[in-house]
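Just the one chain here, the form predicted alone, laid out as structure tokens.
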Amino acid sequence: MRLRNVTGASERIAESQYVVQEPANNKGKWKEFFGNNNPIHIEVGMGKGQFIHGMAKANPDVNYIGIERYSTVLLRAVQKMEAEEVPNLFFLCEDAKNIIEIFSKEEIDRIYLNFSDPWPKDRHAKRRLPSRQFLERFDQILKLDGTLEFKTDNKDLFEFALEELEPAGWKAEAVTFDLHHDEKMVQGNIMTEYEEKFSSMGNPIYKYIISR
């Protein structure tokens, strides 16, 4: 997902009105930041921002925060916002492991993980966003009745994610191994860039919705 040699990306991100520069300062105060009491949904590892930009456009009564580690990738999302501003969407250039330093207990209503890095080597399992280690972090910031949604084209990662639920204290509310042919779960689906690419190749898309 990382894009290389994008000259001036870090500077563009640092100057962008769409990127929150000191997000930890808003911990426990994100509703004040948005200036309303609307639900807050976050996408962790948002890539170029197609999904969350589309979600924010479709749901103006929900506040969205997109989190992306790499400035070279985040720049693409910023450019989308410059071309079509959406007032209920902001970005963070942050590592996902810092998420509990940015949001307070039960501050988030829904979390999205889309086409996360599979980290295929076993020794890197704890770096995978649907791992029990990250689910423990997400548990700290998600409301008690909140949900987490995960999409991927990687079957091995999806099976790993399902196996992590019970030891992490989460449960599946809905699961599909072929999202685009699941009449119920595909309703309202907004595709990511990767989702468009892989589904056009005939690859099935896997998805779950989980809660505690």
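Just so you know, these numbers come straight off a predicted model, no measurement behind them. Position 1 is the first residue in the sequence shown; the rest follow in order.
This next part talks about the form predicted together with a small molecule, which is not shown.
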- Joint contact, Glu43, Arg69 and Thr192 to the small molecule in the predicted complex, by non-hydrogen atom at 4.5 Å: yes
- Verify the contact flag for Phe91: yes if a non-hydrogen atom of it lies within 4.5 Å of a non-hydrogen atom of the small molecule in the predicted complex, no if not. no
- Item | Touches the small molecule in the predicted complex: Val86 (any heavy atom, 4.5 Å) | no
- If you check in the predicted complex, is Leu135 within 4.5 Å of the small molecule, heavy atoms only? no
- Task: Indicate whether Gly146 is a 4.5 Å heavy atom neighbour of the small molecule in the predicted complex.
- Result: no
- in the predicted complex, which of the stretches 61-69, 164-172, 180-188, 29-37 has residues with heavy atoms within 4.5 Å of the small molecule? 61-69
- in the predicted complex, the residue from Val78, Ile102, Ile111, Leu129 that sits within 4.5 Å of the small molecule by heavy atoms: Leu129
